[in-house]
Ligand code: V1D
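The chain below stands alone and is given as structure tokens, in the form predicted alone.
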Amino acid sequence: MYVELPFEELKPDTRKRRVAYFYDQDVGNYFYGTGHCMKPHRIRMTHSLIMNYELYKKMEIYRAKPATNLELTQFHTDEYIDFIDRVTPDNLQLFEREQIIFNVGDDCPVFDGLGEFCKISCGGSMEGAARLNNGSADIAINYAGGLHHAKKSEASGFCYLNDIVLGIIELLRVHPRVLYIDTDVHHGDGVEEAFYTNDRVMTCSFHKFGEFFPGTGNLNDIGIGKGKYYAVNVPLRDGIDDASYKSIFEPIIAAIVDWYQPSAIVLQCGGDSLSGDRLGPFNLSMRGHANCVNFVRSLGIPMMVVGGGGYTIRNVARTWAFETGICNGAILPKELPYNGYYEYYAPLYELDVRSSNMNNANSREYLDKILTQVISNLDHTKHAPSVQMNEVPVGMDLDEDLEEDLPESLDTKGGSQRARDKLVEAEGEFYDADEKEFGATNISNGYSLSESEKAEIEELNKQIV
């Protein structure tokens, strides 16, 4: 059943997609602590590359409102959210019991602004899901999200709150079935656990298995109860390369989409499956990793792209910037534009992460066994399971709470939020600074004078002279 597909030059799906990109400029300010692998600074580095590659011309950029406690408790417990809100490095000694209960400490340290960091992450994923729901975007991107290890009332694996679960809950308001795909080197245990008994969400995780955190994600973990056969796990061994990953990823995802027929997809793009990562033992190049994004985009299903792991931060920034280009149907040039973190990319200053010569421990026989087992499990599932549909909840329209577009409101800076959301620059409507005089604008007011107004102005000019 397994066929080794050659990994050729990446060909982007160039069909036009409306892309909503979420970024909060504060997210790079948070710091897990000296010596900790997780560095939110990588999100700011990614954003700098995206801006300097001028991808802002191709997509809409938003700063999401941080999630509220009420929204967070759709999945997490009240006690846990209250703890995350209140705990700081200064009052940590008051929460010794809670630290044990909620697994906060070593891997998941308490740092300044912990609550705000979590709410920014979750807010981007929830608003991205809401924009997919109301049809204002085809692809939503939130690299501050993807924290897939967090449980209902427990931190785990550098993750405190599970923005992915909250985003999927938002999608389930409108979409009958959602597919979650995880390409992080670690198993997406938090998301799988949340929907392990549910057939409206199918989870599919490609990860390193065997004496590796978090220790879950066996091939035989397939869900229970109503969710039996709706959890798919693809346990991989060290050193998997681009061709092997493509040969196992594409047929499994194609089979799931054909059988399950999801109406929305959430793709977790953890950068720790790249070659040379500080924690991950895989051997994917930047293009091998981005091929997953390109393949899922080509399916034409509304999709949300979130970040995740990734601990060699210069490679994570390169890859996520490149994948943002893929989401917009473009291949970014190899030569890096000058940006605020240019020296991080020495000595080559190229947009590329190459595979190394490490041994691929994933034999053809092993991958064939996995593929055969996964396809066999799909045969047990109900073809596109039926879903009792309810009315779409009130409040799903993002526009309904915004100010009304009265004529006078359009004279204010940029108009109302609704008006700004509907303004889309057509291709070719941007002008480089060297093509016009300094200080000139690209905006015309579209207003023409009547004959009487022209005559009045001429009369005034004569009086001045």
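Numbering starts at 1 and runs along the sequence shown. These numbers were taken from a predicted model, which means no experiment stands behind them.
Beyond the structure shown, there is the form predicted together with the ligand, which is absent from this document and is the topic of what follows.
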### Message
I'd like to check something about His149: if you look in the predicted bound form, is any of its heavy atoms closer than or equal to 4.5 Å to a heavy atom of the ligand?
### Response
yes
### Residue contact check: Met38 to the ligand in the predicted bound form, 4.5 Å heavy atom
yes
### Task
State yes or no: in the predicted bound form, is some non-hydrogen atom of His186 no more than 4.5 angstroms from a non-hydrogen atom of the ligand?
yes
### Task
Would you check, heavy atoms only and a 4.5 Å threshold, whether Tyr349 touches the ligand in the predicted bound form?
no
### Glu154, Asp85, Asp107, Asp138 - the one with a heavy atom within 4.5 Å of the ligand in the predicted bound form
Asp107
### Query
Only one of Phe213, Phe295, Tyr341, Phe111 has a non-hydrogen atom within 4.5 angstroms of the ligand in the predicted bound form; which is it?
Phe213
### Query
Exactly one stretch in 240-248, 157-165, 332-340, 196-204 has heavy atoms within 4.5 Å of the ligand in the predicted bound form; which is it?
157-165
## Note on the structure
Those residues of 264-280 with a non-hydrogen atom no more than 4.5 Å from the ligand in the predicted bound form are Gln268, Asp272, Leu279
